[in-house]
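Included below are structure tokens for two forms of one protein chain, each presented in isolation as structure 1 and structure 2.
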Structure 1
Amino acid sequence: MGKGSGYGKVILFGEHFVVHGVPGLVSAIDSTTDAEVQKGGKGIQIKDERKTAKGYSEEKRLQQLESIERMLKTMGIDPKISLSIRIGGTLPGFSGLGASAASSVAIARAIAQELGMQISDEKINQIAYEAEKAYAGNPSGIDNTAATYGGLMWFKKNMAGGPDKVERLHMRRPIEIIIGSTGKVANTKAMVEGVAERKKKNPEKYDPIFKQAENLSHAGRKALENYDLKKVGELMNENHRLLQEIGVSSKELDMLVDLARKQGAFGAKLTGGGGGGCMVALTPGKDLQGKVLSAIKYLGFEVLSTKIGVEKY
């Protein structure tokens, strides 16, 4: 049996903007998707044992099958191969945490091991990028990169098609965060397409917002490098406002963001594709993290308590 894992992630600055070449900041979180693959059976059989938001697996089923077809093609494997795939791990299937990219990385690694293929991380990343197209249409590559390598990263898509700019960053100490799930499964592909269409139709509105997003990513990087967490939080709030302006937030996301801030979070924003999915709140220290966690749980939303900047990767 072949085994493999991929990291979940939160985007701290720059989701959606990264698709258009704006740099973004992403951190892997302390949760992974794990896959086991065995040759045999009939066609591609998937047993998904992840904890998911309601309807997640059904909603993503077709995209998941397409992603595996793309993966096999990129790996040069006969598409008629029979494989039994089991997906599990500690990363919940909530939209926004890079669960699709983490599963693609995990499955590609497990397939490679089962078939005795030696594949570098660079190639795994490329396979997962191709697979990610099934879920995100025109992905930036930030999710598969975080899922493959883990850690904290500065990411800038190469709009000319060459290698993306990926810089590994280091933080003085890991920081506690809270992820709150709206419980709504989001269609990343539709969200990414929506932004691209609106941007094209209304450059007068969108171009200045994209410029602000770029400035924010740079300021966010600097604040993180200086470990100025108050500043990081303020900039995350600012980033959420820009995401609202480009039409990717939702009333549940805004509500969770407000709630986290009222409980003392240093900052909060939606994370990932939006339109549902998750919000991330910066909650340094166990006490603050616990307070924000309880408030969100109290309202009946699913919560994940984790850290960014963990360096075990």
Structure 2
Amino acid sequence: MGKGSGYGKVILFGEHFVVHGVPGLVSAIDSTTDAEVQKGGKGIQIKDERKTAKGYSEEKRLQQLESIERMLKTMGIDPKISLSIRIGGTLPGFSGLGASAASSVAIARAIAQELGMQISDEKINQIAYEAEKAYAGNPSGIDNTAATYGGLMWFKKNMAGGPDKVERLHMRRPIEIIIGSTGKVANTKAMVEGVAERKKKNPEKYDPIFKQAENLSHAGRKALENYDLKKVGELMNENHRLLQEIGVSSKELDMLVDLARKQGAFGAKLTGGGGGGCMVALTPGKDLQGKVLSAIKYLGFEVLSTKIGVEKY
């Protein structure tokens, strides 16, 4: 039986803005999707045991099958092969956490191990990128890179159509965070298209906001590299305000953000596409992390206690 794992991720700075060429900061989290693969059975059989938001597995089912077809093709494996695949792990299937990329990396690694293939992490990353096309159409590449290697990354989309810039950074040590889920499966594609349409119609409002977002990303990178966590939190708060201004937050996300801040989180913001999905709160130390977790759970929301800046090597 082959086994493999892939990290989840959160966007710390820049979601939505990165689509338009603004740099962003992404971190892998200390929660993984794990896969087990066994040759045999009939066709591709998938048993998904992940904890997911309501409707997540059903909505992603056809995309998941297509992703595995793309994976097999990229690996040079006969598409008619029969494989039994089990998916589990500590990373829940919440929108905004890179769950599809984490599962793609985990499955690719497990298939390679089961079939005795020696594949480098660089190749695994490439395979997962191709698999991500089933979920995202034209993926940025950041989710699969985080899922493969872990750690912190600086990402900038090449608006001219060339290779995007992905620079791996390093933090002094991992930091505790809390992720709260609204329980709503976000439609990232629709949210991205909505922002683009509003930006085109109202550039005098949106252009200054996008410039502020770019300055925030650079300041966030400096604060993380200096391990100035109070500053990181302040900048996360400001980033959430900008995301509210471009219309991608929701009353549930705002409520979770406010709750986390009132419980002492250094900063909190939505992460991912918005309109649902998740909020991330910076909660250094086990005590603060536990306090924020308890408050969110008390209100009946799903919550994940994890860390950012975790690396494979």
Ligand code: MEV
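Only the largest set of C-alpha atoms that superpose within 1.5 Å between the two forms is called the rigid core. Each residue is numbered by where it sits in the sequence of structure 1, with counting from 1. Nothing here was measured: the structure is a model prediction, and the numbers come from that model.
Chemist: Which number, 1 or 2, marks the form predicted in complex with (R)-mevalonate?
Modeler: The chain shown first - structure 1 - is the form that fits the description.
Chemist: Does N158 count as moved between structure 1 and structure 2, where moved means a C-alpha shift of 2 angstroms or more after fitting the rigid core?
Modeler: No, its C-alpha moves less than 2 Å.
Chemist: Inspect the rigid-core superposition and answer whether the C-alpha of K80 shifts by 2 angstroms or more between structure 1 and structure 2.
Modeler: Moves: yes, 2 Å or greater.
Chemist: Is A136 one of the residues whose C-alpha moves 2 Å or more between structure 1 and structure 2 after the core fit?
Modeler: The answer is yes, as the C-alpha of A136 shifts between structure 1 and structure 2 by 2 Å or more after core alignment.
Chemist: By how many angstrom is the Cα of S103 displaced between structure 1 and structure 2 when the rigid core is overlaid?
Modeler: Rounded to one decimal, the shift is 3.3 Å.
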